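Quick setup: one chain, the form predicted alone, written in structure tokens, and binding and motion questions come after.
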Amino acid sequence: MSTLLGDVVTRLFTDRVSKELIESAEKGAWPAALWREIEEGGLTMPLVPEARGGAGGTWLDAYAVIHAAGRHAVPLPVAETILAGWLLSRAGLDVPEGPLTIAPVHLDERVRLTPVGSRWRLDGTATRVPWGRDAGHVVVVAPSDAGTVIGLVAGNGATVITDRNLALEPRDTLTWSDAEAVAAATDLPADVAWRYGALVRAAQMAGGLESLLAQSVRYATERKQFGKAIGSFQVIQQNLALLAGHTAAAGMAAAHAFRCAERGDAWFDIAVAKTRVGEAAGLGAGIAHQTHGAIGFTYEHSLHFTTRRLWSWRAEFGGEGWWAAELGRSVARDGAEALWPKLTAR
């Protein structure tokens, strides 16, 4: 099923996501027709049970969609909507139609969900919220004495200060003051948005790296210097081999983390994936631009659509340095003797 789903989304994004569409989105236009096709195809709800209107799929099904969205630089909150739908379904809440996002996205930020009768009230500020201005609803994660509370609030219930990341994707500041919400407590960890935000970014970056590799190989085959394709020069071949190795390792790390998410708590595997994919994104983007030379830095070329996203996603929900440090602290707490059994058990 995951393979079939991957084929479907790849065909859709190949046909619909053009350079012109991405450029239009970067200027502020909402790709309404593409979003409608994605939503009507059920691609935003692979993790929502069928009883709640979703596909009742697995995390590997979600990986197929998110990975393809990253590979094609889809200028829509596909990953955020999938993650938000999963959070709502885990809390036993209905998933609304339309684009969704999650907040807050930083560990040091907190918002308050306060019960008032049968409803809840939301107060607080969340910065750098992905697609905050475009989301029909925002899924909010807040700690409480009863556990982690998942809340749903209408997108127009917040004061919005717009901003963008390097890839020109919306990253907005949302402020709520006594906003009405529906919410429920769950057994999820308090940092669930951070953990699984890192997971979906790893999948997007793994897809983006595949795009870099394909573009670089194609360019090295077509571009000629001294009467022959530059791909015939040994230094170019070596660089492309390095890019291919990093791309393969990143894809395996991300896919493995999604498999582990299906089995339960995947903190360790998410940390490994975000670390490995982030490292590959930095090195891979450099190799791709070196291969393309000056043309790759121009706005007229399509390479930057991928590299700017990789640089942006790499820093979101913790860069590889942050996650590597967390892995190191985890190993130090458990002791050196526990590391090998922990690795082989996975």
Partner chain sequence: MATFRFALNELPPEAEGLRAEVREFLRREVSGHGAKGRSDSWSRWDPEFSRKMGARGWIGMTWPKQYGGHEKSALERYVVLEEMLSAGAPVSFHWIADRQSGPLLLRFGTEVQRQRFLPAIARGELAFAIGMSEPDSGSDLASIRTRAEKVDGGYRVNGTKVWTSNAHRSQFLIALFRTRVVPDKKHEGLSQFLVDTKTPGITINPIIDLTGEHHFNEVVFQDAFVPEDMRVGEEGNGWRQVSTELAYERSGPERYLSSFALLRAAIADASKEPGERAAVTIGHLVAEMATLRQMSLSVAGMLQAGENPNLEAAVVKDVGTTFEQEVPEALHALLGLEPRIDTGSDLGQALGFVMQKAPSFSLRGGTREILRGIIARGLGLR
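This one's a predicted model, so the numbers in the text were calculated from it and none came from an experiment. Residue numbers count along the first chain shown, from 1.
Separately, the form predicted together with its partner chain exists; it is not shown, and the next lines address it.
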Assert contact_stretch over 93-101, 184-192, 257-265, 149-157 against its partner chain in the predicted complex, heavy atom within 4.5 Å, equals 257-265
Taking heavy atoms only, is residue 115 within 4.5 angstroms of its partner chain in the predicted complex?
no
Next on the checklist: Under a 4.5 Å heavy atom criterion, is residue 321 part of the interface with its partner chain in the predicted complex?
Outcome noted: yes
**Study point:** Partner proximity in the predicted complex: residue 23 to its partner chain, non-hydrogen atom cutoff 4.5 Å
**Key:** no
### Query
Would residue 61 show up as a contact with its partner chain in the predicted complex if we use heavy atoms at 4.5 Å?
no
If we test each of 161, 107, 252, 166 for a heavy atom within 4.5 Å of its partner chain in the predicted complex, the one that passes is 252
Answer key: of 111, 179, 220, 76, within 4.5 Å of its partner chain in the predicted complex (heavy atoms) is 220
Query raised in the report: Within 4.5 Å of its partner chain in the predicted complex: all of 15, 19 and 33, by heavy atom?
Result: no
Applying a 4.5 angstroms cut-off on non-hydrogen atoms, the residues of 313-334 near its partner chain in the predicted complex are 321, 324, 325, 327, 328, 329, 331, 332, 333, 334
